[in-house]
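Let's start with one chain on its own, the form predicted alone, as structure tokens.
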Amino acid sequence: MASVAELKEKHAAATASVNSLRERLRQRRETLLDTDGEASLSSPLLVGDPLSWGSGNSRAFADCSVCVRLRGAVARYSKSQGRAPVSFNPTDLVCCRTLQGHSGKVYSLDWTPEKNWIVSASQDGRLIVWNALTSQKTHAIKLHCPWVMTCALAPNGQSVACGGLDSACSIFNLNSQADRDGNMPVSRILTGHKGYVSSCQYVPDQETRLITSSGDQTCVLWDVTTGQRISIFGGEFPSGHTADVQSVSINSSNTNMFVSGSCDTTVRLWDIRIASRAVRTYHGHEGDVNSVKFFPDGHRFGTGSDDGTCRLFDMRTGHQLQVYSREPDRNDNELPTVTSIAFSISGRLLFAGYSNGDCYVWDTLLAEVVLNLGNLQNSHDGRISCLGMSSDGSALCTGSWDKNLKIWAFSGTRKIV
């Protein structure tokens, strides 16, 4: 058995070893936060995933000086690794098609992954399904309520959903026969919301399930086959939104999770298996959150707001990772509001539509504008109301109050980002 003296000696040696490791760790942390040394940014965390750092309160994180220094470090590291800002020429992304057919403002669009079909909803009270390759209309659906605000195509392209000021979500089977007047019958009406239906999205790979958001401050998961509500998110539950819900986005990597953006300036994360409470609430915006969209990897999501900014959040930690903010217009000195957003297939680009007709292409990593589609030839003449990306990432569709939709494609040898 070891003597007391030997035990004390071993204890002292272990203590010295622990203190040495602590000092090395402290020095390592200081090195990682030193934005003047790009070579110090060899941490596996930053190399493998520059946008997933940190933990703690999102508001504090967004404002803390360490956060600002760390963002600068990431930008320097990215450039040192050859990740300079994405460069675009005016001819790299061109308007290849203009879809004309609506007689009113275009409010919403959706691009189905199974077919090259786009559905659009307009103030003229019609849904139009387009063949994106030929610009031809495959279906034109006259709605019972012309005040439509949102539309969505089922993943298999067999049905379309829409909703608006009638507080209902109508489902149309695209294989149905039209009546004598050319009108397509409604196959199902989802009723239960107590306010307008602002957004709807089919659950990926599940044509029988749909999520809607509403001005009644709730989101609802529906069984399209039966027309029944499966779950209600918000409402009487204290963790729900406190104002109109404007947009939803379902995580394609984990379809049990979705986010909702609201006029209460917050975004909330929901798990469809636990409807009684929001998983997390994300703060940062100072105006209505008009659009939310998951990042391609499913671990982050982007937002667009009336405050004129887009933001990138980490779903797991709650951190605000980046802010995409533009300068005020020279004419009225006000920031145009962000109406809709979409990510490129890699997530390196963020497309943002604005109320003044601009459509910025942001470098998500460096928060720099690489192109404004609003300045290009054949751009829209009015407010950009909606955006949609093709499933292969080769084209972007924009909808506008000028009554048209436009398809923008990467041209020539330009690499899809």
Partner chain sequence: MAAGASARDYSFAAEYDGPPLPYSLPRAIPLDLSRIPLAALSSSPPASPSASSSPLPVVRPLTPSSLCSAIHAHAHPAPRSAAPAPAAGGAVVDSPTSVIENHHAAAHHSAELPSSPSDDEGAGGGPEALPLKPRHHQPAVTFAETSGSLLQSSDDEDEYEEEEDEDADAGEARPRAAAGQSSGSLSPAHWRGGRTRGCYRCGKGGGFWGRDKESCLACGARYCVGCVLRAMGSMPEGRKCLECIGRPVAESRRGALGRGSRVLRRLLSAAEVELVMRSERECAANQLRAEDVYVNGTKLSPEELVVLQGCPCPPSRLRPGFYWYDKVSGFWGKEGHKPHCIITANLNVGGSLDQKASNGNTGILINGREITKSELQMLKLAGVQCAGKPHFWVNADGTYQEEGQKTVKGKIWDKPIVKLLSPVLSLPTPNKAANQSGEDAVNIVNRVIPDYLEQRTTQKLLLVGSGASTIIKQAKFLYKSGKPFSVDEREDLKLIIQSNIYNYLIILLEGRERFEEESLADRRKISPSDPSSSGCCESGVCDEVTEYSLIPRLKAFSDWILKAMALGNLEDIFPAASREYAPLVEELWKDPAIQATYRRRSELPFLPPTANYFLDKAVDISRTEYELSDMDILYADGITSSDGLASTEFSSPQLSLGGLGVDESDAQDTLLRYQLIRINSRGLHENCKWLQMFDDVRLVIFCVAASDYDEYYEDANGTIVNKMVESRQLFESIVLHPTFEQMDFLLLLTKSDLLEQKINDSPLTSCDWFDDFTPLISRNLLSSSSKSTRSSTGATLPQMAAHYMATKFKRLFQLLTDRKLYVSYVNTLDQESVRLAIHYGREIVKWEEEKPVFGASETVYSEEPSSFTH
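Positions refer to the first chain, counted from 1. Rigid core here is just the name for the largest C-alpha set that superposes within 1.5 Å across the two forms. Keep in mind it's a predicted model, so treat the numbers as computed, not measured.
This next part talks about the form predicted in complex with the partner chain, which is not shown.
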Partner contact check in the predicted bound form: of 200-208, 145-153, 273-281, 311-319, the stretch with a heavy atom within 4.5 Å of the partner chain is 145-153
The partner chain in the predicted bound form: contacted by all of 105, 130 and 194, heavy atom 4.5 Å: yes
Checklist line | Interface membership of residue 123, the partner chain in the predicted bound form, 4.5 Å heavy atom rule | finding: yes
*asked:* So in the predicted bound form, is the partner chain close enough to residue 342 to count as touching (4.5 Å, heavy atoms)?
replied: no
| request: Indicate whether residue 391 is a 4.5 Å heavy atom neighbour of the partner chain in the predicted bound form. | output: no
4.5 Å heavy atom contact, residue 231 to the partner chain in the predicted bound form: no
Of the residues spanning 94-112, the ones with some heavy atom within 4.5 Å of the partner chain in the predicted bound form are 94, 95, 96, 97, 98, 99, 100, 101, 103, 105, 107
Post core alignment: residue 394 C-alpha displaced by 2 Å or more between this form and the one not shown
no
